[in-house]
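Below sits a lone chain in C-alpha cells, taken as the form predicted on its own.
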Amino acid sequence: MGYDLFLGCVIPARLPFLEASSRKVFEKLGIELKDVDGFSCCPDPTGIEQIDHKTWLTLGARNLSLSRNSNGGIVSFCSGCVETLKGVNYFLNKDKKTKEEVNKDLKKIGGSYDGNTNVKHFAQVLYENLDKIRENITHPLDGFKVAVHYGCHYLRPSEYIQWDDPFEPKTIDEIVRVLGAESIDYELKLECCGNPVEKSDKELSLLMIKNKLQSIQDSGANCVALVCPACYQQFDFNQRELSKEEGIDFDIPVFYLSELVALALGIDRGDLGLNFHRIKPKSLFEIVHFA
C-alpha cells in the first residue's frame, strides 16, 4: 500500500514537525509515501479560486497530473490541499469543455490530465487502517480528554469532499477513542476556528478562536486534536495572542492527529518535534502520567 505525498506549502514551510510525525506514523503502519518532484501550491482554496476559477483549476490539474497512480493516488496532510485537489477533480469531470480548455493550457508545458487521480486526506487513510493502528498501540492515551476540531475543509464542500458526515462527523473521534483517549463533546465543535478571517479582520478571527477555546475549556477537555495546518496555527499560536490582548490564559495543548497516533504507537517523543509547539504538552503528560 502506498500513496504519492502532497505536502502543500504551510507544513513544510512553517510546521515541518507535523510532517515528521505523519511520516513516522505511516512508516510504522507500513504505508509507503512517495515524494513527487514538481508538486507546487495546491493552490489555496480560499485564495486563487476566488479570483480566477480557471487558473485555480489549471494549477490544481497540473499537480494532479504528476501523480502516476502507481500507488493509491495522492494523500495529503493538509485539509485545504485535499479540498482543492478533490474540487479540481470534481469540476473538471463535471464540465468536459472546461477540462479541454485546461488540458490545452497544460499542453503548453507538455502536460495533460485525465481527471482520474484519487485524492485522500491522511486522516481518511488512518481511519481505513484502524485495525492496524489498534494492533500497534503500545502506549494507550489514558487520561487524554480530547476536544476534536474537524475544521471546515475536512468536511466541506461535501458534494466533492464526500468523506464523513458534514453535520455529524465521527471519523476523528473514532480514531481518538481507538488510541485509548476520551473524545469530549463541546458546544462549538463544528464551528470554524477563524483562521480564514484573520487577513481581513484580525479582531473577529481572535473572537472566533477565543469562543472555541472557551467552549473546549468549559467541556473539561485537556487537549485539542485537529487535522489542518491552518487550524493548528490558529489554535496553537493565538492562545498567547489572546493572553497578550485580553489577559486570557487558556494553555490548552494542541496536537495534530498524527502526533497523538505517534504517541500511542510508542514512537519516540523526542522525534516528534513537540518542543516546537507554542503550548507545551509537558504539563499534560505529567498530569495523566504519560510515560
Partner chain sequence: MSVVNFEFRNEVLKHNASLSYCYQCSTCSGGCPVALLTDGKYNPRKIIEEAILGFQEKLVDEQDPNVWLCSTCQTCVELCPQNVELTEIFSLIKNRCFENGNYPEGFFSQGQAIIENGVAIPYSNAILNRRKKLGLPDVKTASVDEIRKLLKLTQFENNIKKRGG
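Positions refer to the first chain, counted from 1. On a predicted model such as this, the values are computed, not experimentally measured, just so you know.
The same protein also exists as the form predicted in complex with its partner chain; that form is not shown, yet it is the one meant from here on.
Q: Mind telling me which stretch in 243-251, 58-66, 220-228, 260-268 gets its heavy atoms within 4.5 Å of its partner chain in the model of the complex?
A: Correct option: 58-66.
Q | in the model of the complex, Asn211 touching its partner chain (heavy atom, 4.5 Å) | A | So Asn211 counts as contacting its partner chain.
(Q) Just checking whether Cys152 would be counted as a contact of its partner chain in the model of the complex - the rule being heavy atoms within 4.5 angstroms. (A) Judged by the heavy-atom cut-off of 4.5 Å, Cys152 is in contact with its partner chain in the model of the complex.
Q.
Just checking whether Lys34 would be counted as a contact of its partner chain in the model of the complex - the rule being heavy atoms within 4.5 angstroms.
A. Heavy-atom contact with its partner chain at 4.5 Å: absent for Lys34.
Q.
Would you classify Lys282 as touching its partner chain in the model of the complex, given a 4.5 Å non-hydrogen atom cut-off?
A. Result no; Lys282 lies far from its partner chain in the model of the complex.
**Q.** Partner contacts in the model of the complex for 37-68 (non-hydrogen atom within 4.5 angstroms of its partner chain)
**A.** Counting only heavy atoms within 4.5 Å of its partner chain in the model of the complex, the contacting residues of 37-68 are Asp37, Gly38, Phe39, Ser40, Cys41, Asp44, Thr46, Gly47, Ile48, Glu49, Gln50, Ile51, Asp52, His53, Lys54, Thr55, Thr58, Leu59, Arg62.
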